[in-house]
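Taken one at a time, structure 1 and structure 2 that follow are two forms of one protein chain, written as structure tokens.
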Structure 1
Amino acid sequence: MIFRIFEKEELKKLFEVFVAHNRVVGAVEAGRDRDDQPVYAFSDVSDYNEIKLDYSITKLPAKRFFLPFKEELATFRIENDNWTKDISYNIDRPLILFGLHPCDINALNKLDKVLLHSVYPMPYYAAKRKNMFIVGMNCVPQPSCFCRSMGTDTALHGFDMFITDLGGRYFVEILTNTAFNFLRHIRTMEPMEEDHILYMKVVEKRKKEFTAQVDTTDLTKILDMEFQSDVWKYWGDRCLACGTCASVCPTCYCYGVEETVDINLKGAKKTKILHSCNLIDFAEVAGGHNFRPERHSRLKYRYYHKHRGFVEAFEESLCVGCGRCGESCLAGITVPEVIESIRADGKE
């Protein structure tokens, strides 16, 4: 891996190089909450001052840039009772994601496994992914982050460059040739021995700041053993079945498809709409049979898919421990608590 060091003010220059020729997305302040704390969101940015480099965490992941909540899979032209199908992958220019935290980079890596590297790659995702340049950036752990337990607190790949704030200057890991070329537009230096030491210190310090934890030892088996556990019912009683957890999750990708006819009857659309396994009709089939009619069975399924099924298929869990779902859940259902309760029930 190639490392470089650059001074604080160079970052602005780098940003300006990016923005002058490309579409850039970064974390901005979307509003303020009731306690006057900023609420962050990923959004198109053109002005360096708009970007919040020290953002805690965004409410929503950068999902809409790689898995839009609603996306047209195909459009049809209807003429003389016949049809022609047009397909567009809904992207026409590359995108720079500026300042993605390790959890969100890892989320993309996990999604890649299903959507890019499995038997049937999904072109709508691939088209966006192949046109994505990622500038990673280190974060300050939040009380709700349990990424360390999920092994996603650092990103090893899946970015073009990754920037760590060393106080006065930035330390950058360079993974791609494109990134290397970009960095030629600003002044960078070879890191010295003391930079490496400083880097290690920063990493060490950050490591200690993680507070939330999840014990994932043997989790797949415990989940299987506790399939009938009443603990699920406890959580099911609280769940609103509103789908918020899946919507804010950077790794949730389930969807439904809706076909619509244009009101002038001259066209039709096939639209993919992200769904959530907590919603009541997730497993409902024609005729009204519902394979998971109760809230708790759906909530349980979500944990099964993420922490058991995905592990079985890809040897890692489909959760990066970003804590977004727990933070956004109005009923206060958080991953660490659910998993802890299942584990505790098993011990009884």
Structure 2
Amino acid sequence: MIFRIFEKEELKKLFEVFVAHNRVVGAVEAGRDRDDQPVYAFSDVSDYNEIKLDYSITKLPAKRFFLPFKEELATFRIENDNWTKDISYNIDRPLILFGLHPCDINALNKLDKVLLHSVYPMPYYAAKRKNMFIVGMNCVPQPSCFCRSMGTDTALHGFDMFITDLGGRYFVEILTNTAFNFLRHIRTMEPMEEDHILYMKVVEKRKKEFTAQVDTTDLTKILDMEFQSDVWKYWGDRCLACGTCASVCPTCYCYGVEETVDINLKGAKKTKILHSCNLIDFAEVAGGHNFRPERHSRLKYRYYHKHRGFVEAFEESLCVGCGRCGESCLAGITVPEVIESIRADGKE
């Protein structure tokens, strides 16, 4: 890893280099909530002044740019008795994610394990991921985020460059040749000893700002033991089965595929649509049988996938602790509360 220091005004010059030949996505202020607080969202940006580098957290993750809710996989046509099939991976130029927080970078790393490095990788995801450049930036810990408990408050890989605000200057970590070549377009310096000291102080200060916590000690074992716990029924009764949690989650990737045929039988298309394990038809199969007709069962299996099944497969949780699901849940269900109740039930 290579480290550099540059003055703050240089970041605008770097952005202009990015946007010259690439699609750049960053956090912008999309509106205001009922308390007149800014609501942030990832969006295409071409003007440096539109980007909010100090954004708290976006309501939706950047997932829609590489794992969209709805994506056309293939189209089929019959013309003059000739059958043709067209496939597009739905990417036309490199994508730069500018200012991604550590939890969202780690979310991408987790998705890579399933959609990129598995036995059957998803080519549509892979095409976008291989043409992606990530500029990471540290966040200001929010009351709802528990990423430190999940070990995702820092990113060790999965980015090209990571920028830390030292007050008057930026400290940048460089992981790839592409990042190094981009930085050659602006004025950078070798960090001095005092820069490293200041960097460590900034990191330590940020660690102390995390307030929400989740005890993950032996969590997989506790989940196994409490599989039949009545606590799941309690949370299931509160759950509205709306699927909002999956929509705002940066690591939910379950999907279904729909095939539709034109009424004139001359064309057809295959479409991938993201799904949610909390929706009532998620486990419904041909013939109408539903393996999980009850809300508490679907909610339970969502937690088991995140904190049990994925751990067994990849030795880490699928949850990054961003807190988006709890903030967006219409029933006020949060991950820390659910896990705490499961642990407490096991002590009774």
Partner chain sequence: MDEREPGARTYLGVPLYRPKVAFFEFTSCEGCQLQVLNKEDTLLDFLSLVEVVNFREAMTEQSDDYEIAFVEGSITRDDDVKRLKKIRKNAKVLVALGSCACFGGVNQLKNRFKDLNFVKTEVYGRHPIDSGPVRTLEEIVKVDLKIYGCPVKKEEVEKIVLHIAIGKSIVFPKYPVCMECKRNENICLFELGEPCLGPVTRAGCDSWCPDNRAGCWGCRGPADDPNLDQMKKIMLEKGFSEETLLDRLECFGGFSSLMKKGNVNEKDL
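Under this definition, the rigid core comprises the largest set of C-alpha atoms superposing within 1.5 Å between the forms. All residue numbers here refer to structure 1's sequence, counted from 1. Keep in mind that what you see is a predicted model, and the values were worked out from it rather than measured.
Have a look at both and say which one is the form predicted in complex with the partner chain.
Only structure 1 fits here, because that chain is the form predicted in complex with the partner chain.
Does residue 266 move its CA by 2 angstroms or more between the two structures when the core is aligned?
True for residue 266: a C-alpha shift of 2 Å or more.
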